[in-house]
Every structure is written in structure tokens, then in C-alpha cells.
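The data below hold one chain only, encoded as C-alpha cells and taken in the form predicted alone.
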């Protein structure tokens, strides 16, 4: 009997009908750990539910997600209610979650947080440890899987942006239990290669389990000990690993790392073009100014009649010669002697005049002093009377029987007051 082939769409539709008819699959209760969590801009939640051995894709649409009482994240242990169905376009079955309850944090997430806190306390994340990337690397090392899409993206982007850079791939496993040791060896090999200037360490996206080798302690220490600047490029933009925190620079994706480690030749060529135009402008302006100055100098009075300049110099030389003649030593000495003789004559005349004036002034002052000399006055019959050593100026100072000292021009006498008469 000849069989009639069916389409893939028909197969997926048939399987979806089988899933929908199964009552157990229509209402399931799962206890699992959240992994590879993504929140769409529409509000839908996409993630995986896993245990120690298996995982299954899950989706929670925006309506049920709006009623959640917590914000799900990778590593959360949850209890979910929902159904299992086939998504026909991809032939993939997944869990459609109606309700989700948080029941704790998963083991991997706890291990991630523990190691992160430990390495942060050791100073592996300090900003001052971060090294700058070389501006124009001659060779870029890439530690990643040689068969993944990530390495192809890195090669294509670096080749387009900066074809002068050599790309050296250090193959490594990026997933599984053996991956951490493979990554450590590849980083060490790249550091031993004197050709390499900068190193990209990473892989494409995946679940937290897929990316776990980049959360290993050994990989963190290998990045710390690298002599080469390291750019971490693990997963997608929303994925963060321990390697991202330890590396000198984190790139959101491997493609982003390729753009960070090399310059864009087109942008540099544009900059050079702008600088060349500026240089042309400056040179043209400088040459134009020099030409104008040369033309001005060439047409100046001096260059048009240079003999006039010589005439002026000759006149100035003659004036200087005359001034030099005036300051010859013998001429100066004769002038100084003549001036000295005149000064002596003037000084002698001045001195004699001063002496005469001084004699005349002395005579006048002596006559005036003689007129006010008390002794000269007393020769004319005047006396100075003292009582108890003080000069008496009024009869009011005297009483009968006072003893007085009377000073005359040629001596003194002791007297006694017989009577005091006022106004006589």
C-alpha cells in the first residue's frame, strides 16, 4: 500500500492535537529552577525550567505575568502551574505557565553570588585594576570555541573595521565540566605569545548552565593574572558572569568586543580627511599672509630708495663723532680744572661774606643782650628782693617782721620789714 507523505506543518499540528487531548498535560504542577530568563518588551516572559538532569522551555504571557508577586530571575526555585503544548511553527513543545510562585534560590545562583562576594572582597573587581586597551593593536587574541558563531562574528568585524590587525584564535571548550580548565590553558597560551596586544575571552549566548565555565573561580584568577588586557564577551547583553567583573572591560556580546578592541578605519580616514582640509586652509592662509608681508616690505621707502638710508646713517655718524669729541679725556680734564677754579673763587667770596655778616650779627646781639642783662639794670639802682628764697613781686607777699634778702648790683643785704605800706 502506497503511503501519502505529509508536510512538517501537518505533523506538528497532529502532535499539538495529541498534546491538547492529554488531560495530564493540560494541567501540570512543576517544581523547578528558572534559567535563561528573558523579559520581552511586550511583557511576555521566556525562560527555561530545569532540574539536575533536564530542562524544558517555558513561556508566561503578559496577562498572567502581570499578577506575579515577585520578579523572577535566573536561579530562582519556583512552583509553576500550566499546560504543555506544541508550538507548531518550530515543532517545539514548551510549558505555558499560568501561575508561578517563588520557593527559593537555586544552587547555581547561590554559588554565583558566593563566588562574586568572595572575589569582590579580594579586590578583583576594583576599578583601579582595570587597564586601558591599546589604541592600534597589531594582533588580537581570541579565546573561544573555534566552531561557534561568536568567533566568526569577531573575525568579520575586526577584518572590516581594522584589517591591519592580525587575529589569533586560541581554541577552547566553552561549555561543560572540562571547559574551565580549557579556558585557563588558552588564556595562558595567549599570554605566552609575544605577538598579541589584547585578548577577547568569551562565547555566544546560552542558559546559566551553558555560561557557567565563565563563573568558575579558576577562570577568574586566570583573567586577573593575565599580562594582556582582557575584554570579556560572554553571552548576550543581559548576561553577566564573574569573568565580566574581573576583566579590564566587559563587552555586551562577542561582536561588541570586536568593535571595542580595534578602531574603525573609516572613522579614522574621515578624521584624517578633516585634518588634511584644516592643514590646507592653514597653509594657504599662512602663505597668503607671508606674500602680503613680502610685498609690503618690497614696496617700502627703504627698499625703493636705499641711498637715503645710507645718507641718514652718515648724518647720524657725524653727530656721534661730534659728541665723542666733546667727551675726550683731555677736554674733560681741562673743563673740570676750570670749573674747580671758578668754584674756589666763588667759595672764598661766599665765605668772607658769611664772616662779615656773622660779625655784624654778633655785635647787634651783644648790644641787645646787654640791655636785658639784670646786672646792668641793677647798676641803675634796682634790686632783687627774696623771701624764703623766692623773689618778691608785690607788697601783698610781705608782713611786718619778715626777713628779706636784698640783692644789689655789687652785693646783698639782710633786712627786716618794719612796716608794710601799699600804694605809696
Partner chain sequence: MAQEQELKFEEALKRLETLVRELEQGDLPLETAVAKYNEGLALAKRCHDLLKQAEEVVVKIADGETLQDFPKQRE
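Numbering follows the first chain given and starts at 1. Please read these numbers as outputs of a predicted model, since none were measured by experiment.
Another form, the form predicted in complex with the partner chain, is not on view; read the next lines as being about it.
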Query raised in the report: Do residue 78 and the partner chain come within 4.5 Å of each other in the predicted bound form, heavy atoms counted?
Result: no
Report task. Report yes if any heavy atom of residue 115 sits within 4.5 Å of a heavy atom of the partner chain in the predicted bound form; otherwise report no. Result -> no
**Report entry** in the predicted bound form, residue 99 touching the partner chain (heavy atom, 4.5 Å)
**Finding:** no
Query raised in the report: in the predicted bound form, does residue 278 have a heavy atom within 4.5 Å of the partner chain?
Result: yes
Query raised in the report: Where, among 287-295, 200-208, 217-225, 67-75, do residues come within 4.5 Å of the partner chain in the predicted bound form by heavy atom distance?
Result: 287-295
Query - Contact residue in the predicted bound form, from 91, 159, 252, 176 (heavy atom within 4.5 Å of the partner chain) - result: 159
Query raised in the report: Of 103, 164, 188, 334, which one comes within 4.5 Å of the partner chain in the predicted bound form, counting heavy atoms only?
Result: 164
**Report entry** Residues in 167-186 close to the partner chain in the predicted bound form, defined by a heavy atom within 4.5 Å, in order
**Finding:** 167, 168, 169, 170, 171
